[in-house]
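Only one chain is included here, represented as structure tokens and corresponding to the form predicted on its own.
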């Protein structure tokens, strides 16, 4: 794939995005606000997923290991 066809494809995707969101009808200052809001929301969702999803997966994994009867590695066994 050459650069020109990639550039055309990205432009086509951008045009499709504008058609779907009807942002082609907006004035330039409205587009700026719209895109700024959308990018901010996307960044916040990605950051939240990056921070919290691994914690939830780890907690769920420990819960299912506990259900299966496996002991935690940090439990202290009593030796008589």
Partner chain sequence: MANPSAVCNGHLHHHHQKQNNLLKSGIYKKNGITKGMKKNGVSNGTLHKKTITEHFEQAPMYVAVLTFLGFGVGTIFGYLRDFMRAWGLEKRNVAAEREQQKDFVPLYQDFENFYTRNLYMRIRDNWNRPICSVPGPQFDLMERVTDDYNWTFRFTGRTIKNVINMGSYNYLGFAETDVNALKTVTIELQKYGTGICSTRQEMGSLDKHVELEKLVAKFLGVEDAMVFGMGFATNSMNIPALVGKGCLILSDELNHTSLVLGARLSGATIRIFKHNNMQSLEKLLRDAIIYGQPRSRRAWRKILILVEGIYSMEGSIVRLPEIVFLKKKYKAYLYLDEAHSIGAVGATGRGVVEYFGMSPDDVDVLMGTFTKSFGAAGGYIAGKKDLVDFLRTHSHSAVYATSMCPPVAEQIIRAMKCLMGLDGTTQGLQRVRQLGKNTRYFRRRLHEMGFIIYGNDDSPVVPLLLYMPGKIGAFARRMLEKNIGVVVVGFPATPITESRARFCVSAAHTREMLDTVLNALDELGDFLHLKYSRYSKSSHPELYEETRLELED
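The model shown is predicted, which means the values in this text are computed figures rather than measured ones. Take the two forms, superpose them, and find the largest set of C-alpha atoms that agree within 1.5 Å; that set is the rigid core. Residue numbers count along the first chain shown, from 1.
We do not show the form predicted together with its partner chain, though everything after this point is about it.
Peer 1: I'd like to know if residue 67 sits close to its partner chain in the predicted complex, meaning any non-hydrogen atom pair within 4.5 angstroms.
Peer 2: No - in the predicted complex, heavy atoms of residue 67 and its partner chain never come within 4.5 Å of each other.
Peer 1: Going by a heavy atom distance of 4.5 Å, is residue 57 a contact of its partner chain in the predicted complex?
Peer 2: No, residue 57 stays farther than 4.5 Å from its partner chain in the predicted complex.
Peer 1: Taking 4.5 angstroms as the cut-off for heavy atoms, does residue 50 touch its partner chain in the predicted complex?
Peer 2: No, residue 50 is distant from the partner.
Peer 1: Quick one: does residue 12 come within 4.5 Å of its partner chain in the predicted complex, counting heavy atoms only?
Peer 2: Answer yes; at least one heavy atom of residue 12 falls within 4.5 Å of its partner chain in the predicted complex.
Peer 1: For the stretch 22-40, return the residues whose heavy atoms include at least one within 4.5 Å of its partner chain in the predicted complex, in the order they occur.
Peer 2: If the 4.5 Å heavy-atom criterion is applied to its partner chain in the predicted complex, 22-40 yields 22, 24, 25, 26, 27, 28, 29, 30, 33, 34.
Peer 1: Take the rigid core as the frame of reference and indicate whether the C-alpha of residue 19 shifts by 2 Å or more between the shown form and the other one.
Peer 2: Where the cores coincide, residue 19 shows only a C-alpha shift between the shown form and the other one that is less than 2 Å.
Peer 1: Just checking, between the shown form and the other one and with the core aligned, does residue 10 shift 2 Å or more at the CA?
Peer 2: Yes, shifts by 2 Å or more.
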